[in-house]
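One chain follows as structure tokens, the form predicted on its own.
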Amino acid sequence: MTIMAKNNFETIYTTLKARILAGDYSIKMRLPIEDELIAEFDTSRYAVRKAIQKLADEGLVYSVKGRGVVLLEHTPQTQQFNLNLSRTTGLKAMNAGRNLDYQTDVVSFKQIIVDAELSEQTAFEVGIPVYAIQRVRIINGTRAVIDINYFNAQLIPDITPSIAKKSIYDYIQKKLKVKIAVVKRMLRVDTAQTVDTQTLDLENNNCIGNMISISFNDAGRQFEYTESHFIPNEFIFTQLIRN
């Protein structure tokens, strides 16, 4: 009996994943309701929920109370990212409680249209407007981090340099009342580029740590792509986002 339940769960998971990646549910942006899946696969509610949980663990879906299981927008780029679900917060809040003198310098702020090259990098669709923002994080007098942000201007409208200097996440959650459902993150080490050598106190470092984040709202829409470049031996991220 246990083996049968396992096979049922694996079959449901494999079938649903294939359909999601093929775009079979993309028009409605959500999975069929549990009762429909139970009837289709002739299985238990437990097996259906276990399959959906595995899809959620892989960053393909997100359960929203009252709206069912929502599909997250996905591209080859977003599927490379590990999924971590925790309390969604910004860099400053992540380091609350530490004795840090923390300042933000907005070095670039503009609205642009996504072209093919930027789409390949960020997974945003070509042709949509985004806020392109660069913010240097000065920690205890050291220019330690540069956030290279892109926000979908249709989903996160009316960002200003003043908001960027304070907290974009506070603005998103408190002012716009946007529910940040999922953040996918990847941590890697990259060769330092011109933007890094010009804005960070790298000294003898020729590489940077790079925390890449892609964020989704509870309708499954991607609204943010951010690269946080940081000095590897001066500042590290010690907590990943969950929600």
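Just so we're on the same page, rigid core means the largest C-alpha set that superposes within 1.5 Å between forms. Treat the numbers as computed from the prediction; the structure is a model and nothing was measured. Residues carry their position along the shown sequence, with the first being 1.
Although not depicted, the form predicted in complex with the DNA is the subject of the following passage.
Considering the DNA in the predicted complex, the lone stretch of 40-48, 187-195, 170-178, 207-215 in range is 40-48 [heavy atom distance within 4.5 Å].
Highlighted residues Phe9, Glu34 and Val69: every one comes within 4.5 Å of the DNA in the predicted complex, counting any heavy atom.
Proximity of Ser63 to the DNA in the predicted complex: non-hydrogen atoms within 4.5 Å are present. In a rigid-core overlay of the protein, Val189 has its C-alpha displaced by under 2 Å between this form and the one not shown. A displacement of less than 2 angstroms separates the C-alpha positions of Val178 between this form and the one not shown, with the rigid core held in common.
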